[in-house]
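In the form predicted on its own, a lone chain appears below as structure tokens.
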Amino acid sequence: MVERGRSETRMYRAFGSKLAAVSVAGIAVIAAACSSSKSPSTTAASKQATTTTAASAATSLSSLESYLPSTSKVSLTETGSSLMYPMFNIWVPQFTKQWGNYQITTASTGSGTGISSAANGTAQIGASDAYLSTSQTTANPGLMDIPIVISAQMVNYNIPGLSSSTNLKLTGAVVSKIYQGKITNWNDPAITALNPGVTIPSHVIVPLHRSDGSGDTFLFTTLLTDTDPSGWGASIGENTSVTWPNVPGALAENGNGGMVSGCKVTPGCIAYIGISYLSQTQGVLGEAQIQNKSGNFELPTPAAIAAEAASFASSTPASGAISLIYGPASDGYPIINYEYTIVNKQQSSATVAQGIKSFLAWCLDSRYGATSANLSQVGFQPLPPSAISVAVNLLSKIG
């Protein structure tokens, strides 16, 4: 595997049923509101610019959304990220019903398989939580990272005797020490010091990690690297697969589904799980508030995800590849990322190329795939307009 470089608890309890995804324009509005130094006229101008940019993005997406001739049929295969799998299972039935002429198959195989399948041509769309490494783009110069949506990653646990409604506070450095076997009990002083007033049972910690090549692992280990650079960063680093420290009792699970089911039946477990599996963890597994770079502890609420995303809104490079982990927002949740569709510029036919562009543009469009009603089902947020522009430019290269 290739090396890569570098509280709203009450509201969150109702996340599964009452989540309202922040709109594309709203992400930038939150960013403007967070800056007290801006004058009213400056803020108004910022909102107007955001509205204009959002309208421009919608127009650009419309130019890619073209119906196929009635005589044309397109079969597309999507595979990869288990975090994205629930989202595609919402998108595909809607798209095929609305547009017709398409047969789209989806599979949850892990981000590593998504990338390799897009590279070798066994899938037209590879879903990945991780962007392509330099070595991967060098070996496959036709592959592109196309951002599609914003997700987050939870840190969950199963501690007998502690209510699942108790959101323990954890830092990335403490979680790093847990996964290195340096902290082995839940009532370790390093954890109890972060949680005054909470009685944490003495129970052995069982770290769970992914057994498959996983973008979730890339995101999680990036957080550990960023928060513990001289420890985790120096000895292990970040990647879709890493050499996990030899911690007694540690378990490997396949996919996000495996992490959920494994943690449910493993007393003392800790696991990293994509937010699209929130409905399967609520009321059963506890979830940690994670310390951000400003020292504040946050859950992945819609507002905290949007605040973190807003801090990167103007930073997305033309390649689309960017880490959103451990960003600067004081009220942001520190484990968010762009979900990527990995696509080859050169497709087998012009019809297939147009089919890919139409489908992914539809997914990005706030009138279609990226509605609040769709994204809220899996806890995702829409891309900011600036990132949509990057995605449009990348989509236009498919031929």
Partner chain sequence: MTTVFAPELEKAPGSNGSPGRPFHMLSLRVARLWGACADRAVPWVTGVFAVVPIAVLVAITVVLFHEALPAIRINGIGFLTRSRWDVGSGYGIPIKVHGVEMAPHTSYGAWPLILGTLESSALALVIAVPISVGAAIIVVEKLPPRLSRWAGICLEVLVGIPSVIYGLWGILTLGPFLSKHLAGIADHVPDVPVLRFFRGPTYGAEGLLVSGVVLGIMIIPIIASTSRDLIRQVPSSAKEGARALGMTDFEVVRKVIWPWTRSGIVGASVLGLGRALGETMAVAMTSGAVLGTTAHSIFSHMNTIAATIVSQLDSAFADGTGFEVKVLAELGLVLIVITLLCNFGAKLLLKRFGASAIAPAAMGN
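Residue numbers count along the first chain shown, from 1. Being a predicted model, the structure only gives us computed values, none of them experimental.
Unshown form predicted together with its partner chain; subsequent notes refer to it.
Heavy atoms within 4.5 Å of its partner chain in the predicted bound form are found in one stretch of 173 to 181, 158 to 166, 134 to 142, 188 to 196, which is 134 to 142.
In terms of contact with its partner chain in the predicted bound form, the residue from 218, 232, 272, 91 that brings a heavy atom within 4.5 Å is 218. Though its partner chain is absent from this view, in the predicted bound form it lies within 4.5 Å of a heavy atom of just one residue from 296, 116, 282, 311, which is 116. Contact annotation: residue 246 falls within 4.5 Å of its partner chain in the predicted bound form, judged by heavy atom distances. In the predicted bound form, residue 239 approaches its partner chain with a heavy atom inside 4.5 Å.
Put simply, residue 302 is far from its partner chain in the predicted bound form: not one heavy atom of it is within 4.5 Å. Among residues of the shown chain, residue 120 is one whose heavy atoms approach its partner chain to within 4.5 Å in the predicted bound form. With contact defined as any non-hydrogen atom lying within 4.5 angstroms of its partner chain in the predicted bound form, the contacting residues in 246 to 285 are 246, 248, 249, 250, 251, 252, 253, given in sequence order.
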